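Given next, in structure tokens, is a single chain: the form predicted alone.
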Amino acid sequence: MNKVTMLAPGVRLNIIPSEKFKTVLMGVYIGRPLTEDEASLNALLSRVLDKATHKLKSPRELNQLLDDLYGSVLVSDVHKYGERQMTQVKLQMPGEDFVHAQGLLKEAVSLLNDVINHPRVIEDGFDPSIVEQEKRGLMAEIRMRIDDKASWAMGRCIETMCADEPYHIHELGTLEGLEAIDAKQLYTHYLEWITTSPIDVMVIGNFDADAMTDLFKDMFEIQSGDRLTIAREEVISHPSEVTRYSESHDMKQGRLALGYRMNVPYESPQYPAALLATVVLGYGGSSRLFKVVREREGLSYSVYARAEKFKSVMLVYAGVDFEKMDQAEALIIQEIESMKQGNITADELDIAKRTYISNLDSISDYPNSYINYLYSQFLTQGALDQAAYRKEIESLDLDAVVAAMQHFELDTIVQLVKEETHAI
């Protein structure tokens, strides 16, 4: 039985006991509005936090303690949830009963508290050597983004489609933003971040819920401050015309990305049907795009569609020979329009439902995917009962899917082309 406790205004503890896992996973989700000014700061902060504390003054000392805690794993990173930039600090360890180590959970909560609330500080700043090392690593990661052409095309589509909206900002920030950050500036930002950010603590595993709640009440420190209320994203948009963008690269295969405004908020009763539509269209080898664009017409090497829950956009990607780019684009648009007119077979709908439900069921097999799913549900006030949600998906019919798709509107088309090819 899930247990939710408010530790303080804007700080929520979500306890999810489960006998399914032999591990305990603690996740702290700390949210900020996605902005140009903060994106690089938050990204770098997420990389610095899990490297040292006031007690454990180096990554080596921290890793030694994790080894002593039966091989516990500590990870800190940053993700984009719609127009929120979310720092996630997670600590996973064996359940006490499985390693016969009473007090392990207490040590784990103490470590997690130190990582978040008592980082290593030198002269009013983070450890400069750690900051510089993590800055170099993060900058290298940003530079490498361009090497994954599929991801790059999708990113360019988002940046173009949402150019005037916070959603265009990448969660890792920018090279220019990172270059300007020093250890003292980052620590100054941290002090505001820790006192004003809304925080969700998620704990999942085999443990006593009341005892775990008491541990966090007693040991997890809440820094005083007025917690931000992060505004809900604007998700309804009706483009007056389709925006086109082309970019040339030295590569052997073209990349095509189409951005659609779904215009179905996650709060809407139509959202499950809209998401099911994206599964029919472009998820897996049984999807419409795979069978028509790739297998029947041979126009792409890979093709798929994905939806972004928080922003209500759908992205369609295809890896295509350069000379077939326009043909593939036209066929993808044609198939989406055909589905909007109701041309979806009973077999397509049934396969998509089974795929959707199978993916939903598999989420709960792994602590990390399950805790992220539950956090997303908490954040969007969605249903936590997976059995009830499965029944809702099973009950969706053709009319519901077609009705949801009427809101879909093509917004942006991006082509990555050969360097000598003229822009579209």
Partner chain sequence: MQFDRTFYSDYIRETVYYKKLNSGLDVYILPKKSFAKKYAFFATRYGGLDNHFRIEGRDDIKMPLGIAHFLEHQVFEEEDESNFERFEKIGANVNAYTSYGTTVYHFDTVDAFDDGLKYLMDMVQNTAISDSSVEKEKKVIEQEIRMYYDEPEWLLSSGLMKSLYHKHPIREDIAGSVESVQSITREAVLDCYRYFYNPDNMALFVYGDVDSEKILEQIDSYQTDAFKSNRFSPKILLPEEPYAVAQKRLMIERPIGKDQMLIGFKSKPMDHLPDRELRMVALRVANDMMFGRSSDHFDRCYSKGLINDGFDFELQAQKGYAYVLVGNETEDVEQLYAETIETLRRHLKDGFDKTAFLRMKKKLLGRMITSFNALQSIANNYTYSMMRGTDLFEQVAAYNTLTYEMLHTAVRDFYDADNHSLSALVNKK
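Take the two forms, superpose them, and find the largest set of C-alpha atoms that agree within 1.5 Å; that set is the rigid core. Numbering follows the first chain given and starts at 1. Everything numeric in this text was worked out from a predicted model, so none of it was measured.
Omitted from view is the form predicted in complex with the partner chain, to which the following refers.
Undergrad: Specify the contacting stretch among 157-165, 194-202, 270-278, 90-98, defined as having any heavy atom within 4.5 Å of the partner chain in the model of the complex.
TA: It is 90-98 that comes within 4.5 Å of the partner.
Undergrad: Heavy atoms within 4.5 Å of the partner chain in the model of the complex: does K309 have any?
TA: Result no; K309 lies far from the partner chain in the model of the complex.
Undergrad: Looking at the partner-bound form in the model of the complex, is K80 within 4.5 Å of the partner chain by any heavy atom?
TA: So K80 does not count as contacting the partner chain.
Undergrad: Evaluate P239 for contact with the partner chain in the model of the complex, applying a 4.5 angstroms cut-off between non-hydrogen atoms, and reply yes or no.
TA: Because no heavy atom of P239 falls inside 4.5 Å of the partner chain in the model of the complex, the answer is no.
Undergrad: Would you please decide whether D321 lies within 4.5 angstroms of the partner chain in the model of the complex, comparing each non-hydrogen atom pair?
TA: Because a heavy atom of D321 falls inside 4.5 Å of the partner chain in the model of the complex, the answer is yes.
Undergrad: With the partner absent here, would R120, V316 and T412 each sit within 4.5 Å of the partner chain in the model of the complex, counting heavy atoms only?
TA: No, the candidate spot makes no contact with the partner chain.
Undergrad: Quick one: from V73, A180, A231, L228, grab the residue that has a heavy atom within 4.5 Å of the partner chain in the model of the complex.
TA: It is V73 that has a heavy atom within 4.5 Å of the partner.
Undergrad: Please identify the residue among H170, K340, K291, K184 with any heavy atom within 4.5 Å of the partner chain in the model of the complex.
TA: It is K291 that has a heavy atom within 4.5 Å of the partner.
Undergrad: Is any part of 298-331 within 4.5 angstroms of the partner chain in the model of the complex by a non-hydrogen atom, and which residues would that be?
TA: G298, L299, S300, Y301, S302, G319, V320, D321, in sequence order.
Undergrad: Fitting the rigid core first, would the Cα of S358 be found 2 Å or more away between the shown form and the other one?
TA: Yes, because once the rigid core is superposed, the C-alpha of S358 moves 2 Å or more between the shown form and the other one.
Undergrad: Could you tell me whether the Cα atom of D250 shifts by at least 2 Å between the shown form and the other one after core superposition?
TA: After core superposition, the C-alpha of D250 moves 2 Å or more between the shown form and the other one.
Undergrad: Is V73 displaced by at least 2 Å at its C-alpha between the shown form and the other one when the rigid core is overlaid?
TA: No, V73 moves less than 2 Å.
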